[in-house]
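Quick heads-up: it's one chain on its own, the form predicted alone, in structure tokens.
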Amino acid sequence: MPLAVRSVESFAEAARLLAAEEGARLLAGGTLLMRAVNEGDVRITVIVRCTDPGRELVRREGERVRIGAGVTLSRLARAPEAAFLAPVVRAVGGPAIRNMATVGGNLFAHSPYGDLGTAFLALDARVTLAEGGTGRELALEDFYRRRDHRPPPVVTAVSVLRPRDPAAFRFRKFSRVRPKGASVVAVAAHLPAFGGRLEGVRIALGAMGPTPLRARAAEAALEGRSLGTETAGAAAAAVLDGLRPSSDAIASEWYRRELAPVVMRRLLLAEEPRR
């Protein structure tokens, strides 16, 4: 079956094409889509290329940072408005991948990939979709629930909370291939402190299920308390409460259960990873 390429100038036009054509897929950086094409996925019949200028914007909006869906990971790592995300970006692939992969595309990467989503979830991300006249904004968790539906949602931007204290945001990834392999476990935490006590804690886990997940029991173990050895131990012990890690070609459920509390504790105590 022939493969068509269509260029449009707005996200709204792209959304209409994806809704009208069953085999249409939006081209972001191509690291996911073109791999599927090259591997012979016959369900893909139309590649939609969007040149909307808003896709490459990175700007501060009050206490948040808005990132266009077409911003590459390399550009995101260099953006001063999003400097707190640079360590996360550097843990995703190598330079060639980061030069192509986009923020919007990374949200469609299935576990054990998609590390940006883990960081975004800890930072209370909101995803803007090309729906309606002005777009629709929804929480990242809600986006993940409908991500794989047809027609696929068209992401125009992601808005994340900007930590007041850069040290309050932490990310730790364990991979079998360093520094750029697929995640065995990824942990992101936003730990705002007021008067020496944590308030508004958010912790997210990557590669532990089909999408990044909130570690709500670990959050509860930290909320309202001072961060120290005891509280870090309590959060690590609770990190898997209510969650069931997945098994895949990278690691088994058992291994992830053993590893996640260790990574959680090291992240909270800012311990350097062992080599």
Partner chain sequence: MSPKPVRFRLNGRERALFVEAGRNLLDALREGLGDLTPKYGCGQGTCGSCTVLVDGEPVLSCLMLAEAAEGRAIETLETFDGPELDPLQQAFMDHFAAQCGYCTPGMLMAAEALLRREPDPDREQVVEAISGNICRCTGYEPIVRAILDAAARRAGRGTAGGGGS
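In this text, all values refer to a predicted model and were calculated from it rather than measured experimentally. Residue numbers count along the first chain shown, from 1.
Beyond what is shown, the protein has a form predicted together with the partner chain; the following relates to that form.
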> in the predicted bound form, which of the listed residues (Pro80, Gly196, Pro166, Gly94) lies with a heavy atom within 4.5 Å of the partner chain?
Replying inline: Gly94
> Heavy atom within 4.5 Å of the partner chain in the predicted bound form: which of Leu227, Ile47, Leu240, Leu57?
Replying inline: Ile47
> Pick from 23 to 31, 215 to 223, 241 to 249, 57 to 65: which stretch has non-hydrogen atoms within 4.5 Å of the partner chain in the predicted bound form?
Replying inline: 23 to 31
> Just to confirm, Arg98 within 4.5 Å of the partner chain in the predicted bound form by heavy atoms?
Replying inline: yes
> Should Arg43 be counted as a contact of the partner chain in the predicted bound form, where contact means heavy atoms within 4.5 Å?
Replying inline: no
>> Within 4.5 Å, heavy atoms only: does Asn38 come near the partner chain in the predicted bound form?
In response: yes
>> Taking the partner chain as it sits in the predicted bound form, is Ala4 in contact with it (heavy atom to heavy atom, 4.5 Å or less)?
In response: yes
